[in-house]
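What follows is one chain in structure tokens, specifically the form predicted alone.
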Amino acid sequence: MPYHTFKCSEMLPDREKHAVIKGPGEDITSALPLGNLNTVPGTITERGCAYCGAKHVIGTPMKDVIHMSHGPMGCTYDTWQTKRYISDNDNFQLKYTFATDMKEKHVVFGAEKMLKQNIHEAFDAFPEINRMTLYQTCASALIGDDMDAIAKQIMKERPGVDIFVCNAPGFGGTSQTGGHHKINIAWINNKVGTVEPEIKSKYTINYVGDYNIQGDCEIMTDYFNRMGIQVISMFTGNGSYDDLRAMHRADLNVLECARSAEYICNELRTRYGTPRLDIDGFGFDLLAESLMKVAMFFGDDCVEKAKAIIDEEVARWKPELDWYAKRLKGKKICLWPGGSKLWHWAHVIEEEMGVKVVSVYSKFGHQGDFEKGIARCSEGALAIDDPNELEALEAMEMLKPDCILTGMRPGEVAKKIRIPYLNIHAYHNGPYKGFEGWVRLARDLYNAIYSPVMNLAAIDISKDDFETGKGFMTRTMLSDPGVPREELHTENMYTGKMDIVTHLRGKEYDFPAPEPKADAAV
């Protein structure tokens, strides 16, 4: 087993098996780091807690909901607005955050009375919103406040409102993935099956595991709708609370992020017999393959529409992707996401953009994530589970990447050592899903690597030799020397608009009529 030990972690023997380098001819049987284990004390992890995984990742993207945390203000503040979970209702869930603001006195004397008062005040302040999610924190869990009982009292006192309680305190798992599991199971136990949806098409799905970062979910649902498929619910990006209560009526669960949402898909299959189909929404080839898989589930009519969509989108955007790929070829990147992008992107970004993935990591991935990620990685890639800042710095010094694809915390550290980064948690200029979205990612990667400012920042004027008389270099001046002369043209740079999402809202689609119910009157 080709384990890699970081020098900074030599005094932490428990970290010995958390990083591997994929050697020639090796597969997951010989190159798999340990994952989803408790963080080793002293490593200063970048992980989030289970509460964060429940509220921040999955709960908050629901758009027509008051999201109330029962705990200290810091918990809800830390999970507010750090991801761009946009929605088509004027981003209500991004504009406001709610907390009971527990203090020491509430820990001593209890906070149920305050919680009830806060719920009433929130509904009074926003009478147009009659749905709420309540999130437990470490503080409210430790003192045993009965949030379920309070929620039942409120719903009895205020007919018409509905409240979902998520008991996922921060200590409820090894990382945020523990919260993913808890909110998945709580939702299907308490809310699925309590609303009957309006069926508009003979083909229906739930789109699961997409959180609509800068519009990702809306791009994908547009494809499905153009194929004649009705999306009953979206778990949970741009998702409506009541639509998500009707998940039991879909013909198929289309799953994007298996790490955060496979639990509810598995339960829907067990309880309602709904099949699960895993897809990749990133990359031209994988996206085309995914749309065809969904279409083939429903039959020839959907297949023909899917083919037409794929042909149209590829013809429009492939030349622009190729323009960037020629200039990105051979550039080294570290793919350091939180979870599933570890394996969603590991090979397709190499194949379609020409870059070399020299490292992958996951903060909360399970063994299955590393199995898929390392299987798709190239030889020589360094895979790390739950890295800390010192290990990341050491990896960057060893690998010397041209760009880091990660979140803000490790990304800002990379900038300090003059390595550009792209925020692939909240995105720089997304959406990145869909055919055009993939070109937007290539554009942002190109702009980061060939930024004249970053190029200048990489020079250490105290010791590096550098030219002083050549003036300011543009991106194309930096990127084009390696491009063959016959391919030096600029007409296929990204030509899309800044906003490619909002024009989809309110769009009308032609759905095939649903089949009449078997027990319907003749």
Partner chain sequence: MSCEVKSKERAGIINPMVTCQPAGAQYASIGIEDCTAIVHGGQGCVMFVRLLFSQHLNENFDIASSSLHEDAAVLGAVHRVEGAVDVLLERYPHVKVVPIITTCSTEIIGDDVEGVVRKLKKGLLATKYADREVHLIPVHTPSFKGSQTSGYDAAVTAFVKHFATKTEECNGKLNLITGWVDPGDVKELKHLLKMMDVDATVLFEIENFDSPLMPDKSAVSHGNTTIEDMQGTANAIGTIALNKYEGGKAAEYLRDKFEIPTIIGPTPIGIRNTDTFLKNISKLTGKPIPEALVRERGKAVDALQDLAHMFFADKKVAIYGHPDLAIGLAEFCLDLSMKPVLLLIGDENPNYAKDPRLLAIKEHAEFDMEVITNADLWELEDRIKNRGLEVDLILGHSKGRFIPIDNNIPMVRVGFPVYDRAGYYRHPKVGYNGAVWLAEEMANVLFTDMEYKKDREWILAMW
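Between two forms, the rigid core is defined as the largest C-alpha subset superposing within 1.5 Å. Residue numbers count along the first chain shown, from 1. Since we're looking at a predicted model, the values are computed, not measured.
In what follows, reference is made to the form predicted in complex with its partner chain, a form of this protein that is not presented.
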item: Touches its partner chain in the model of the complex: residue 117 (any heavy atom, 4.5 Å); value: yes
item: Any non-hydrogen atom of residue 225 within 4.5 angstroms of its partner chain in the model of the complex; value: no
item: Exercise: residue 102 in contact with its partner chain in the model of the complex, heavy atom 4.5 Å; value: yes
item: Any non-hydrogen atom of residue 11 within 4.5 angstroms of its partner chain in the model of the complex; value: yes
item: Candidate stretches 477-485, 22-30, 50-58, 492-500, one within 4.5 Å of its partner chain in the model of the complex by heavy atom; value: 50-58
item: Heavy atom of each of 149, 263 and 507 within 4.5 Å of its partner chain in the model of the complex; value: no
item: One residue of 172, 193, 110, 197 in contact with its partner chain, assessed in the model of the complex (non-hydrogen atom, 4.5 angstroms); value: 172
item: In the model of the complex, the residue from 121, 289, 157, 351 that sits within 4.5 Å of its partner chain by heavy atoms; value: 121
item: Partner contacts in the model of the complex for 432-461 (non-hydrogen atom within 4.5 angstroms of its partner chain); value: 454, 457, 458, 459, 460
item: Threshold 2 Å Cα movement between the shown form and the other one at residue 460, rigid core reference; value: yes
